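To begin, one chain is listed below as structure tokens, in the form predicted alone.
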């Protein structure tokens, strides 16, 4: 049965209890649960940020979705098609975290090869190579060997191959790595343009400020488990609200005091710090009853970075772990690393 998004469309990506366990050692007693029962749904037309410390299982999840490795348990679908079916990947573009290139090829030659692998006809290849090189800012490097590319240029040519077949879903593993501030700005604009075209973007990143700026939804992994997931506006509601008004009499002050942390006079205006953000409308009504012409409302929301560290620390405490590193091996005497 296909799971649908809020508008009735098939979800771009979904998993149900998706897990991956690695077994090693001469006696097969070392067990590493790299991904633990991941259940996730991403609607079409969204930019989804996949977050977590190093070794949390992000790359493992992406590899499972692409059929590069097989799950130990659970299931996944891309546009309603099982991840075990190669047809599921026909509408997907992918950029791995550390891509390897045929460095002796020129940029356009590399994309020509990618186009042939994707079964694009000659005319389509020519058109899309020119378009994607222009899109990622490498038009003037089409005839340059990839061996001469900087780290940032390698990220750009990698993104070009991911977008070459005009995918409906773009999976990107740490795409902002190696980019300077200008490069990050340009890449974010490219991804936002993909969303504007109705495409879905799913990417992992450690640059939380960029994720907060770009994403509609985020999911946070810690030691293989999804510890938080949802729309940013729901995960990061206003934490505190501060109101400023020109006038405030004693009667209004008495009405505001029960849900105010402080009420202070600052030069030409009064500042009211609310204890409960949900009381904002009631407080504004009290202030407007005094004919205040303008009431400034300042909301201070928890940042994604603050939320991220709080959820990771809470999850580590619940599970009895210390600082987040690699997922813990089931063996009490040995520990494996995440592939």
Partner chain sequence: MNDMITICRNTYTRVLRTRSLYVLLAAVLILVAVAHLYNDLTAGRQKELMYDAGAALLTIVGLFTALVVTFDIARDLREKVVMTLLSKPLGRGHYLLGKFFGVVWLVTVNMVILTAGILWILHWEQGAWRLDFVKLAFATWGAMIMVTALGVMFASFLSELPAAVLTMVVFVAGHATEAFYRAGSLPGHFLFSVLPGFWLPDYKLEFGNGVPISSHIIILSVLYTLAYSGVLLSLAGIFFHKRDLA
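Numbering follows the first chain given and starts at 1. No experiment lies behind these values; they were computed from the predicted model shown.
The form predicted together with its partner chain is left out here; the points below concern that form.
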Counting only non-hydrogen atoms and a 4.5 angstroms cut-off, does residue 94 reach its partner chain in the model of the complex?
-> yes
Looking in the model of the complex, any heavy atom of residue 132 within 4.5 Å of its partner chain?
-> no
Using a 4.5 Å heavy atom cut-off, state whether residue 161 contacts its partner chain in the model of the complex.
-> yes
Should residue 40 be counted as a contact of its partner chain in the model of the complex, where contact means heavy atoms within 4.5 Å?
-> no
Let me know the one among 248, 179, 138, 114 whose heavy atoms come within 4.5 Å of its partner chain in the model of the complex, would you?
-> 114
Option touching its partner chain, based on a heavy atom within 4.5 Å in the model of the complex, out of 304, 66, 47, 287 | 66
Contact check for 126, 128 and 186 against its partner chain in the model of the complex, heavy atom at 4.5 Å = no
TL;DR on 255-263, 217-225, 84-92, 201-209: the one with heavy atoms within 4.5 Å of its partner chain in the model of the complex is 84-92
Residues of 18-32 having any heavy atom within 4.5 Å of its partner chain in the model of the complex, listed in sequence order = 20, 22
